[in-house]
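Take a look at this single chain in structure tokens; it is the form predicted alone.
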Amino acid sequence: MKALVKESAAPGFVLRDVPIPSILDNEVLIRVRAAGVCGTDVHIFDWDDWAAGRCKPPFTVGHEFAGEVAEVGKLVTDVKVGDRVTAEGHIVCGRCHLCRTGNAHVCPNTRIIGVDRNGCFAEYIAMPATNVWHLDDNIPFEIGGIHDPMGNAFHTALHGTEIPGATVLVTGCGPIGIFAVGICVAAGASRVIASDVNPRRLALARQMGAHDAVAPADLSATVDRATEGLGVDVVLEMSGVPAAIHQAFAEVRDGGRVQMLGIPSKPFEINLATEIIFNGITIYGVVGRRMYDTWIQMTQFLRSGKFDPAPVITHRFPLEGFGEAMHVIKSGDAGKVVFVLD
């Protein structure tokens, strides 16, 4: 089969012919039909400090996908050949304290496809059957293939928050931030404000329903007008940019909530007293998707017809177009980028 491989500890990928994976008795083999490209894949492509410290080539890249089941292990009873599926890409132990208390998304033994083991930028991938998630017949494979980042957005937007009737600020309009805009609109937020430095991504945020989509320089005045100077009820911080994080703390109301998904590239200073403690702010750190209540939420929102992520997908490439895909993502002139496999 064709596979996009991180062959060595250096920048770049290589398209190779590799063996189709064999499966264990509790696994399924999935023919990949669509695969989302993520910022993590760009880090691995560039071979930056994070990738060099985490990944051990050679391995097949990619962790967002959907496809059709081609083979099932003899212990698998609830997945069958021909099923249309996606999958949770975090493979957890199932036995640690966190897994057994409903917190498998922060399992310390997690192995991620396309990072810690072979991934989905290939014609086939082997997955544990417990990680498989069935798709409704009306869900296109390219939408199924972006359930992973959509799940991050659902987790960020909905866990522990009260979105119906709330004012919401989304700082950082990468694909996950743009998904979050649409989720909050579908969930009944009274006003959704999006902030980013990129005009193309602000336009996508408006397309997904943002009432205001503004540059950071205009954010404070926009929040003041929208909330009569109170501040927003909830901030979804998606950028990891220190200036945006400081804005998140400044624009949330006293007693409000900040959900933090964006990852700063390096440590920076926060004044805990004046930015958080004295204002009674609740902060929630977001890791991946909750297994599997986030997946249930995604399915229910898609079935409702009120949330349509399709506008966020702006570019589609074959696996052979990986160089152009990386370029488009790094240029900032894209929403979500997807590999399509025939």
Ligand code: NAD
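Residue indices: 1-based, along the sequence shown. Note that this is a predicted model, so its numbers are computed, not measured.
In what follows, reference is made to the form predicted together with the ligand, a form of this protein that is not presented.
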{"query": "The unique member of 140, 128, 240, 94 whose heavy atoms fall within 4.5 Å of the ligand in the predicted complex", "finding": "240"}
{"query": "Contact assignment for the ligand in the predicted complex, among 176, 189, 208, 234, heavy atom within 4.5 Å", "finding": "176"}
{"query": "Complete contact of 244, 262 and 287 with the ligand in the predicted complex (any heavy atom, 4.5 Å)", "finding": "yes"}
{"query": "Partner-proximal stretch of 128-136, 73-81, 94-102, 166-174 relative to the ligand in the predicted complex, 4.5 angstroms, heavy atom", "finding": "166-174"}
{"query": "The ligand contact at residue 257 in the predicted complex, heavy atom, 4.5 Å", "finding": "no"}
{"query": "The ligand contact in the predicted complex: residue 88, any heavy atom under 4.5 Å", "finding": "no"}
{"query": "Distance check, residue 152 to the ligand in the predicted complex, heavy atom within 4.5 Å", "finding": "yes"}
{"query": "Proximity of residue 230 to the ligand in the predicted complex, heavy atoms at 4.5 Å", "finding": "no"}
{"query": "Residues of stretch 308-342 in contact with the ligand in the predicted complex (4.5 Å, non-hydrogen atom)", "finding": "none"}
